[in-house]
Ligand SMILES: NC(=O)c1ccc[n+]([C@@H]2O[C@H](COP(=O)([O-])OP(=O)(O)OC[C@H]3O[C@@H](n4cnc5c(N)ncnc54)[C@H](OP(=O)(O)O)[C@@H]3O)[C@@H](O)[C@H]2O)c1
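The data below hold one chain only, encoded as structure tokens and taken in the form predicted alone.
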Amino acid sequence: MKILVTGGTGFTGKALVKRLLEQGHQVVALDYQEGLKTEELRAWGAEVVIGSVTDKDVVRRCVQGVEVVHHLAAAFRELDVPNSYYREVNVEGTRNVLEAAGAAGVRRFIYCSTCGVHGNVDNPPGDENAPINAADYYQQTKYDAEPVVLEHHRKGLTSVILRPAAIYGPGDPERFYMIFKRVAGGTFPMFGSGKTLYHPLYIDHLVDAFLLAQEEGKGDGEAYLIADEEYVEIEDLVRRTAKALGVQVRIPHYPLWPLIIAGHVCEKVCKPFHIKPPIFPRRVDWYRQNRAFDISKARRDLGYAPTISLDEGLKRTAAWYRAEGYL
């Protein structure tokens, strides 16, 4: 098939594009900027288009002849942009892709949302019916696009929504890098109890879910939480990262509330100077928001079955960071 992957030069998009090409599909990767080693995508045989999902003409060209769209493009950790930018990309950009896909006769549309739409999970593990409690503008706008997807599904563009947990793995330049970097340094400061729950998602498993969702008759009009088999306390994650790296790590504990204040202050102080804050509220949430999910719906409807253990996934990720010179 001919398949469009928006956000195709990013960590997740690139992994999906690679697997699709390996299966023999023709792939168009649309993204607003060149990503990490984008030249590899071209070498593998993908058509790479640099442009924004907010540009209707670019999107219209990209969907021509396409049977399946995987919509991953999103404003995530953008600096020096107003909140309206998140809505422009995450909601209106999604609407643009849906409208163009519908007009072009696309067969299936898979939308990548986020588990973050549920915010803190009060009664873990949460399922797809857990309360929506987005904690920031990124998460809220990702959720606000979901009804737009379902509206187009009802109009005839068969759609599936995936809500990934905390994605990591080889090829990830930043999501888990801070954890690995601090652990490799021998000391990991833990703010709070360290018992907050966290649910990793190995990149290969997420790609599996995208491929399952593009199959005819699977998950039509539904939303699915996608995560690994196991969720863990964050202090356990730190210790298992140390094991994957083959190092010893000290985990001194500190009160959480000063960090919460510092996150808000740093964000406000740095924004006028166009500086990336060293700490910000979403990063602080890692220490205090429970993210633990029930993936039984994806198992039942999609046939989703994670196979790589957390320890193996951390080991592979550690090897990649070292091979690429990050550690």
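In case it trips you up, residue 1 is the first one in the sequence shown, and so on. These numbers come from a predicted model, not from an experiment.
Below, we turn to the form predicted together with the ligand, even though it does not appear here.
For the chain shown alone, Y32 is a contact residue for the ligand in the predicted complex, at least one non-hydrogen atom being within 4.5 angstroms.
Within this chain, Y138 lines the site of the ligand in the predicted complex, having a heavy atom no more than 4.5 Å away.
In the predicted complex, I167 approaches the ligand with a heavy atom inside 4.5 Å. In the predicted complex, T196 stays away from the ligand, with no heavy atom inside 4.5 Å. Checked against the ligand in the predicted complex, the candidates A227, A145, C112, I234 yield a single residue with a heavy atom inside 4.5 Å, and that residue is C112.
The contact residue chosen from V89, A101, I161, A209 relative to the ligand in the predicted complex is V89, the criterion being a non-hydrogen atom within 4.5 angstroms.
With the partner omitted here, the stretch from 237-245, 186-194, 214-222, 113-121 that lies within 4.5 Å of the ligand by heavy atoms in the predicted complex is 113-121. Annotation for 35-51: the only interface residue with the ligand in the predicted complex is G51 [heavy atom within 4.5 Å].
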